[in-house]
Ligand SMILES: Nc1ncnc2c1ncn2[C@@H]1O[C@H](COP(=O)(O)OP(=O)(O)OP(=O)(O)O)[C@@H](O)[C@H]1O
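Just the one chain here, the form predicted alone, laid out as structure tokens.
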Amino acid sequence: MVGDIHVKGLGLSFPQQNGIHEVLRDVDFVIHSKEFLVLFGPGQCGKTVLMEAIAGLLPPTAGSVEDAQGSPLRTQELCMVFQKYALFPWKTCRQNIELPMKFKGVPKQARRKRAADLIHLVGLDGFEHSYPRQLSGGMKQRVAIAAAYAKECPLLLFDEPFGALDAQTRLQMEQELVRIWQQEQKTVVLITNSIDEALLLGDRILVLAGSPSSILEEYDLREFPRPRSLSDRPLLNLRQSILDRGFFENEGGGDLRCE
């Protein structure tokens, strides 16, 4: 197991024609083992850049991302799920889920059983032999989530996975993701620009904003029982408190409205 993950003084800049564009500066936080951490902030604030740095896809300009032993994370210790469905269109639901296990050399019978378990876990019984073109957006994302769990990585990174879904499907998928996380006991980091999604899903919320961006605030939601509802008064009070802080008054937007 990867254990706690330490993001230490992370900075990331990109060269431009007129100089250097600094996206992240002095980003410090810990991802606790088996927690559901949400990185919340407006669009274009560097959330995806931060996640790609955690995943090792972008080398940081400063700082580091380390596991509990102080070593860099290895690619086999994590898996990313994107907003766009990363599925092979010529493979069925079951084949897409089996593929990560096939690459790892898992025997056919074992990966077939694990795929069947995951198909049941994400609620796709009866669609094992369907191709992505035959599935709805929410069903495709279920396949992508099941494929991510099939890799047996201790850390799952979700990059606004439900942003392309309609409001009703998005809420259903949020609830399903929490249910799967509770059953599978993985460490999850999810980025979103929706305050409601952050409140419904997170054990903790880290607010990312600014130019360059950094962590402005942390909110601990572990005292709020699951499943959660935005009609619950304590959660509504916290929502209003976050909005009243005015984190994004000078930012370029962000979906802060009720879904």
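Numbering starts at 1 and runs along the sequence shown. As the structure is a computational prediction, the values presented were derived from the model and not from experiment.
There is another form of this protein, the form predicted in complex with the named molecule, and it is not shown here; the text below is about that form.
Per the 4.5 Å heavy atom criterion, the named molecule in the predicted complex is contacted by stretch 38 to 46, the sole one of 59 to 67, 38 to 46, 219 to 227, 197 to 205. Put simply, V23 is close to the named molecule in the predicted complex: some heavy atom of it is within 4.5 Å. In the predicted complex, none of the heavy atoms of Q172 sits within 4.5 Å of a heavy atom of the named molecule. Proximity of Q83 to the named molecule in the predicted complex: non-hydrogen atoms within 4.5 Å are present.
Put simply, E160 is close to the named molecule in the predicted complex: some heavy atom of it is within 4.5 Å.
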